[in-house]
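Single chain ahead, written as structure tokens, the form predicted on its own.
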């Protein structure tokens, strides 16, 4: 089990490193951060001062190695930089330094710490909606297979998988927020309960695809499980249909759902970027969009790093859970 976890952890680390390298190259190839930050009215001296302040006048390879923290700082503005170039300190990922945001003019870590709890709230609520709706309706569809209820649930799940977030989000916003006024039209709220209230509609929108996927997988697994010999034995013992369905069949059909939970982290992260923009939710997704538009490379890198680590951690935890539940996985069979 330890060897299995170590292999998966090393693979996750490799993926994160590849993502960080690719995004760094892309962000330095799409435009001039100085011109995007200072605007068209900035003169050559202002642009040169900006590039020097943020170390953008250094070779790209040196910037990347300094960002990783394996060579000395290229940013004179870094608190680890000293007057004597020979005494410059290290600043980078290995030192817990994500750089300085061009637009916010403060450390990227501070910007992310402000936004991250908001995205976590949205993600936790969305995952809760996915599990609650997906498992419940999947079990009901299997229990009442080939009935109108099964057809309705699977038809709705098909729509949920087919319609992207940028379609369902504006529809929910228009109908449930503008027309009926059941939910706020956007924003974050002012107190903890208000935060949750503002998060309900975007979280539900974010959860639709995952809930539909869970429902379809759960229905398929439940139908297979209900045909098993131990289920027939449980029924022969006189157990009620509800007990057989929920306490025996449903529990044993959850293994694929555990795997999907890890895979759904990617969908939640990608969906959060669109959903937060639609509902004006001030989280990591909207921060990523603003930073990309402004060519704020350090902030984009910080957001991508957090998202990639989150996705890989979710996948790793899901793999560990599956391996704990099914010995065949950790034994490599």
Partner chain sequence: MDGRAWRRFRKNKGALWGGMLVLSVTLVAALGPLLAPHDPDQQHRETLLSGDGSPVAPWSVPGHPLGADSLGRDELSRLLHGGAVSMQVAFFATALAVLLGVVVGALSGYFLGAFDFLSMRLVDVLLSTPFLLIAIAIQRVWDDPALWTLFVLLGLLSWTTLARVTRAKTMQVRALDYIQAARALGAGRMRILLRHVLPNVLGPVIVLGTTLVAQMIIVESAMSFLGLGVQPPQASWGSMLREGQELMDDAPRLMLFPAAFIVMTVFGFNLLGEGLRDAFDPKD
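All values derive from a computational prediction rather than experimental measurement. Numbering follows the first chain given and starts at 1.
Just so it is clear, the following notes concern the form predicted together with its partner chain, a form of the same protein that is not shown.
Counting only non-hydrogen atoms and a 4.5 Å threshold, tell me whether 171, 273 and 292 all contact its partner chain in the model of the complex.
Yes: 171, 273 and 292 each sit within 4.5 Å of its partner chain in the model of the complex.
If the cut-off is 4.5 angstroms on heavy atoms, which of these, 254, 161, 127, 139, is the one near its partner chain in the model of the complex?
Exactly one listed residue reaches within 4.5 Å, namely 161.
So in the model of the complex, does residue 67 come within 4.5 Å of its partner chain, heavy atom to heavy atom?
Flag for residue 67 set to no.
With the partner left out here, check for me: in the model of the complex, does some heavy atom of residue 297 sit within 4.5 Å of its partner chain?
Taking the distances in the model of the complex, the answer for residue 297 is no, it never comes within 4.5 Å of its partner chain.
Would you please decide whether residue 132 lies within 4.5 angstroms of its partner chain in the model of the complex, comparing each non-hydrogen atom pair?
Outside the cut-off, so no.
Is residue 56 a contact residue for its partner chain in the model of the complex, using a 4.5 Å heavy atom cut-off?
Although its partner chain is absent here, residue 56 would stay clear of it in the model of the complex, with no heavy atoms inside 4.5 Å.
Looking at its partner chain in the model of the complex, which residues in 301-316 have at least one heavy atom within 4.5 Å of it?
Sequence-ordered list: 303, 304, 307, 308, 311, 312.
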